[in-house]
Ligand SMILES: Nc1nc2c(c(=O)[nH]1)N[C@H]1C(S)=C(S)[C@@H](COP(=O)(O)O)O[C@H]1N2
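First, one chain by itself in structure tokens, the form predicted alone.
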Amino acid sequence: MRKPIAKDLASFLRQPPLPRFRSRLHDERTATLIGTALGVAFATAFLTGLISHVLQHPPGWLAHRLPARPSWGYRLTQGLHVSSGIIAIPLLLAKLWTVYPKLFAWPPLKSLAHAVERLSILVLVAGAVFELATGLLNSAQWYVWGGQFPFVPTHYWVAWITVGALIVHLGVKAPAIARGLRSPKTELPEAYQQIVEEQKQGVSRRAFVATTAVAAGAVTVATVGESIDSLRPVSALSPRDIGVGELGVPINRTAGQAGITADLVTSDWRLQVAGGTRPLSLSRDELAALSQSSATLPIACVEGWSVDAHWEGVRISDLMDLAGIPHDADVRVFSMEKNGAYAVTVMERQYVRDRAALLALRLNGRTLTLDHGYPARVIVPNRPGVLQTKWVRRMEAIV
């Protein structure tokens, strides 16, 4: 009895009873076509995500080179970031369908190059799934991971790891990609030819690619209304209606969430402007008595939504001039919010001196509400919503 057992074990090690797949869609050309579209979506998401990260956390050498114009720049890049991430979801599923039989190929490791390829695929797939899943949840503000999970740095660094794995994968698979791009016809291994002949009535590559494209387009149209007003009526899957909210603008973080109560913004509130030759301490009525300006600027958030709004208030550059703050100074802005990640922000000089940058007192023709940052908030062109500080109590020059 021992010999048959040993023989069976040796046979199993040579070729275990793995699943066999019978589809003509598991070929190089289909995988390459879907993979190319997925690569474009991933590249767009990565580059626009990098822009978002730099705008939120500018390195010192770049801080004063970031442009305040166009005012809609961040709205465009962050809208592209979220949209390309959503497009990548059906593309990733389709790509995995075309290649997953290779997960059951035997032997699992044939050479050092093959081992590097398999490892890069493991890291690439795990990273891609993590980025798309957490990004989608963040865009919907559904934080299932709890308040202690550092989403922003984790999302950022996993993106770099995923892109690194993608570069390695592209290097290893370059010959197969080249064959897939230039092959006008399906080129299957000889063992699949008979299977293909038996499945002439199956789904064609053209139908599969077209279905994937329609799915990607459908989820895009159904969500992109968050940042494109004209598509708002058909964005059925958008997690928020950007036309709904106090004063016609959605609210990401309410006063209650920030620990701001009406008691903190009573009539004794005063704005402190420090760091210049003429420090200021102004009540809200005194701010309202100053020369008022207005600007139509988008408020654009990292979750991908954005909306144009009409803002009224005092130009920040005028306040700085009144306080005797030099034109080359950056400004640190303090919120009454105590524990938020952006309770203290830095506004670089190019934003401070932009003529549309306001310490806003009114929004869409009405006084700010508490949730929108009453008694005063910042609105500056081409900055992420998290840096448009609400409930401002102090502004000081960085000298």
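The first residue of the sequence shown is number 1, and the count goes up from there. In this text, all values refer to a predicted model and were calculated from it rather than measured experimentally.
The following text describes the form predicted in complex with this ligand, which does not appear among the structures shown.
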Within 4.5 Å, heavy atoms only, which of D354, E28, D371, D330 is in contact with this ligand in the predicted complex?
D371
Residue among R179, R232, R118, R253 with a heavy atom within 4.5 Å of this ligand in the predicted complex:
R253
Partner-proximal stretch of 298-306, 165-173, 322-330, 212-220 relative to this ligand in the predicted complex, 4.5 angstroms, heavy atom
298-306
Looking at this ligand in the predicted complex, is some heavy atom of each of I34, L91 and F130 within 4.5 Å of it?
no
Determine whether any heavy atom of Q388 comes within 4.5 Å of a heavy atom of this ligand in the predicted complex, and answer yes or no.
yes
Does this ligand get within 4.5 angstroms of any non-hydrogen atom of R24 in the predicted complex?
no
With a cut-off of 4.5 Å between heavy atoms, is V265 one of the residues that contacts this ligand in the predicted complex?
no
Is L280 a contact residue for this ligand in the predicted complex, using a 4.5 Å heavy atom cut-off?
no
Scan 332-351 and note down the residues that get a heavy atom within 4.5 Å of this ligand in the predicted complex; none is a fine answer too.
S335, E337, Y342
